[in-house]
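In structure tokens, one chain follows: the form predicted alone.
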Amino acid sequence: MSREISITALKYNPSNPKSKPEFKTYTLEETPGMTLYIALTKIKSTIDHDLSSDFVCRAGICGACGMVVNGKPRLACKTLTTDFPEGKIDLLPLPTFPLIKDLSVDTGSWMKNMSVRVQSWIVANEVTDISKIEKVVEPSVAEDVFELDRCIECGLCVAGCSTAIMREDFVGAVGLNRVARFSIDPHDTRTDEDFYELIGDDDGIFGCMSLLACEDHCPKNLPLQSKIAYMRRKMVKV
């Protein structure tokens, strides 16, 4: 048996001088297996064509649909409306990221700046010869690298981070996870001293207050807690 649910979303366009922040409530009939993606698509197609939100894959892979749902950062495509027994859902855009409109934020620019900040690429002291077989990597090490590579850069860890809200230049768990990924990759020849130059300050590893909301909200269940602790131990020894 279906029920009626209400979704309240922020409406605001910062690029329009006449626009003022307001909340608008939409009422619709819940359908079996309804996610917030489905609900918002229905709202945009039948009730409010002007409501903005971001979606791409609908499968928890692209990370585009991050938003604050009843006070917690979540992916809309992976959030069922049945998760909310009272049938009342409040939506806000992710904090710390520039607001584009309504529920849409610019995570791309933030992620690009973070990637440059932590030099998110393999640094090697040798020229790769593509005519030769690649360097052998132990399966266990390759598995560890792949595990950290599962990050989809959705921004939920950043949105749930108190330090990121207070420190504009904090690299966040996503940036620290990226550094951990390259520090364990045998293809990368950088030393702990090199990584210290990237994250050895209060905008890096020492800015983390270990509240661990990043791991609590990560939709891919990445081991952010252990990897941040791993990097902090390494950086303290430098």
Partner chain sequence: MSQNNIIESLTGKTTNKHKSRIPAKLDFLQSATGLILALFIVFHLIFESSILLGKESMYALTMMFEGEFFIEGGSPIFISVLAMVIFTIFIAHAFLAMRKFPSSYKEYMRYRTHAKLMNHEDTNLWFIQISSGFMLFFLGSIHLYTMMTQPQNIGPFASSDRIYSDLMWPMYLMLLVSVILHAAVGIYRLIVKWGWFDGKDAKANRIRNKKIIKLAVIFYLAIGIFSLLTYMKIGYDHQDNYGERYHLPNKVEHAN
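Numbering follows the first chain given and starts at 1. Just so it is clear, the model here is predicted, and its values are computed rather than measured.
The discussion below concerns the form predicted in complex with the partner chain, not included here.
When you look in the predicted bound form, the only residue of T79, T107, S104, T96 with a non-hydrogen atom within 4.5 Å of the partner chain is T96.
Taking a 4.5 Å heavy atom cutoff to the partner chain in the predicted bound form, the contact residue among V136, V116, M166, A124 is M166. For the chain shown alone, S210 is a contact residue for the partner chain in the predicted bound form, at least one non-hydrogen atom being within 4.5 angstroms.
Within 4.5 Å of some heavy atom of the partner chain in the predicted bound form lies at least one heavy atom of M235.
Though the partner is left out of this view, L198 does reach within 4.5 Å of the partner chain in the predicted bound form, counting heavy atoms only. Remark: V145 does not count among the residues lining the partner chain in the predicted bound form, judged by a heavy atom distance of 4.5 Å or less. In the predicted bound form, every residue of the candidate spot (N70, P73 and L92) has a heavy atom lying within 4.5 Å of the partner chain. Comment: 166-174 is the region of 166-174, 37-45, 179-187, 24-32 lying near the partner chain in the predicted bound form, near meaning a non-hydrogen atom within 4.5 Å. Interface residues of 151-187, taken as those with a heavy atom within 4.5 Å of the partner chain in the predicted bound form (partner not displayed): A159, G160, C161, S162, I165, M166, R167, in sequence order.
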